[in-house]
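Both blocks below hold the same protein chain, though in two forms, and each is given as C-alpha cells: structure 1 and structure 2.
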Structure 1
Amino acid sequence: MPSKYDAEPSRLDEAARAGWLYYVAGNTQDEIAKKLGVSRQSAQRLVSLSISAKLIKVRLDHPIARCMELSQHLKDKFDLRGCEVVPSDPTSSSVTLGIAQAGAAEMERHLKSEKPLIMSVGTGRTLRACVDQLQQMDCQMHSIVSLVGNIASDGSASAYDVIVRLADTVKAPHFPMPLPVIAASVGEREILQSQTLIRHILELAKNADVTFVGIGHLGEHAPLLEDHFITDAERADLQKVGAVGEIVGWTYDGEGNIIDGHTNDRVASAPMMPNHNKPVIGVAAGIDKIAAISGALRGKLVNSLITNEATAELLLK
C-alpha cells in the first residue's frame, strides 16, 4: 500500500500543492503549472481536484449585519444560549450550504479546548455535511459519543455515519452506539439498553459537555421514513397526534413536548434533556423543517441553533 512517504507523490499531494499555491499563495494556474512542471491544463485539473477532494475549505469570517440581527432576535425569542445565522443563497438547492461550514467551525471551537471534553452527536445529512467540513485535528484527549443507534433496519450501518467520520477527522476516541434507532419492541429496547456496553455509552452521553444534533421533520420525506426507521403508517400516526419533528429519533409536538407512546416507546437513543445546562446545538435549515425547529426551540430540546437566513426569517414569523 502506498504510504505518505512514497517515492512519488500521489496525485492528491500534487493537488494539495496546486490548491495551496492557487488559493493560499494566490498564484495563477500558469504559474502553478510552471512551478510544478506540468501543463496549464494539468494544473487546472489539480486545482479542481483539490476542491472536489475537499482539501480546500473556505469559510467566511464576518458577522453580516442582517444575519446578526436575525440571530439576536432568535436568541431573544427562544431564550437561546447561542445562535448563528448564515447567509442563504436563494437560488441554491443545497440546504446545508453554509450551515455545514458554520457547524464545523463551532465543532472546532469546542474541540480546540485544552481540557478533555465529551462531545455527543446525533446523526443525519446536515451533521454529516458539517463533519465533512472539519479540518484534521488531534483531539485524543476528547471523547465523542453517539446519541443514537447507527444500525439501519436492514442491519447495515447508516449511510450518514457521522460519528466515525468525525472521530476519524479529529483523531478522537469514539463510541458509536451499536443499536437500531428504534427497537422492534418495548421489551427489546429494555434488553438492548441493559447491556453493559450500551449503559456505559448512555452514561457518557448524559455527561456530555457539548451536544450537536440535527433536527428532522415528519413530513412526506421525513428522514426517519426515508431511512426506513419507521413505516409510513407510523409516520401518519405520529403526525395525527401532533408530532412535528424529531431529534435523534425522539418525536415531539409543536411545543417541543416529547410525544407519549407510539414510536417513542421503542426509541433506543439517549434520552432528551430539555433545559440542559450544557450547550445542545441544533443544526438545521430548510422550509420543511420550520415546524420541527420551532418545536425544538420552544420545548428547549436544544438551547443553541445554527441555521440560515431564510429559515431564521420564517422562524421569527
Structure 2
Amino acid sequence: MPSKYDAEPSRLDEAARAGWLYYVAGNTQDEIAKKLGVSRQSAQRLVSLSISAKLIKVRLDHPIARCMELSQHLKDKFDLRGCEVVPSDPTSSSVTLGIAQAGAAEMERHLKSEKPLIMSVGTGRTLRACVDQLQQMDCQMHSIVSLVGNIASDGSASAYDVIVRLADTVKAPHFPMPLPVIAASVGEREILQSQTLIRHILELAKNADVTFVGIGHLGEHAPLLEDHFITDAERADLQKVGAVGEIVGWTYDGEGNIIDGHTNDRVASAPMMPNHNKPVIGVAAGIDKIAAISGALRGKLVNSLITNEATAELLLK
C-alpha cells in the first residue's frame, strides 16, 4: 500500500486538501474539482490518494443494530461495565481493522476530561494500532504510565511498545517501565522492582483512572514468543498447566485465574487486579484469541471490551 512518503509534498498537499473538502466539508467531487481548478477525474484521484497515503482517518459514527445487540449480550454474559462491538469485514485477515479506530476514540474520550487523570497502558500490536489512529491532542494535565516493560531477555526492545508514541501524540507526561517483561530470575525481579523509580511507576499504575490493555494468546504464534519474551519450551509448559492467555506478561487459565509459578514468578509488570473498580479496557479480536479473551472476561481481569462482530459471535457461543 502506498505510504505518505511515496508522493511529492505538493501532491500530498493537494490530496490532503481534497480529502478535507470531501470527508470533512462534505463537498462532492465536482465541487472539489471546481474549487481546486482540476478535472473531476483528478479530484477523484486526489481523494483516493488522501486515503491510500493515510492522510485521512475515517471513523463510523452510527450505531449498527447487530453490533449493539452483540455488545449487550456480552455485557450481560460477562457482567461488563462497558463493551463496544465494531463491524467485521469477512474478507479481511486484519484483527485490528475497526477496533483500532474504536480503541482510539475511547482513549480520546477519556483524555478529553478536564480533570487530570492517570491512564495506564499495556503494549502490543492492537494497542499500537489504536495509538496510530489517535488525533493530536494537548493533554499536559494528564499522565500516561506503562504497565509493562518492553525489553526481551537478549536486551532488544519490542517494536510494539506504545507509551512514547501515545505520549507524543497527546502531549502528555509519560512514565515508561524501564524493565524486562520477564526477569531472568525471581531475585532479579525483586531487585528491579525495589528501585525507587520503579516503585513510583508501579504506584502510579495502581492508581490509574483508566487502563487499556491488549490480550495475547499462547498459541504457536504467541506475541510473548514472537517478541522473544519467553521461549517455546516455556510457552509449551504454560499450555500444559492450562494457560490460555496473557495480559502484560501475566498468564492465566480459561477461567481467568493467574497461573501459579512458571514465568509468572518472574513477570516484572504491574500486578493484575481482578474486579478493579476503575475501567480496565481490553482491546482484542481474532479467532486465535477466543480462549484468551474469554478467560480475561471470566476472571474479571478486564471489565470492558472493544472487539469485532466475528469475535463477539464466537465469545457468545
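Keep in mind that this is a model prediction, so the values were computed, not measured. Here, residue number means position along structure 1's sequence, counting from 1. Throughout, rigid core stands for the largest set of C-alpha atoms superposing within 1.5 Å between the two forms.
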Legend entry - Structure number of the form predicted together with the DNA: 1
Inset, instruction - State yes or no: after fitting on the rigid core, is the Cα displacement of residue 17 between structures 1 and 2 at least 2 Å? - result: yes
Inset, instruction - Once the core is aligned, please say if the CA of residue 291 is shifted by at least 2 angstroms between structures 1 and 2. - result: no
Inset, instruction - Using a rigid core alignment, state whether the CA of residue 33 is displaced by 2 Å or more between structures 1 and 2. - result: yes
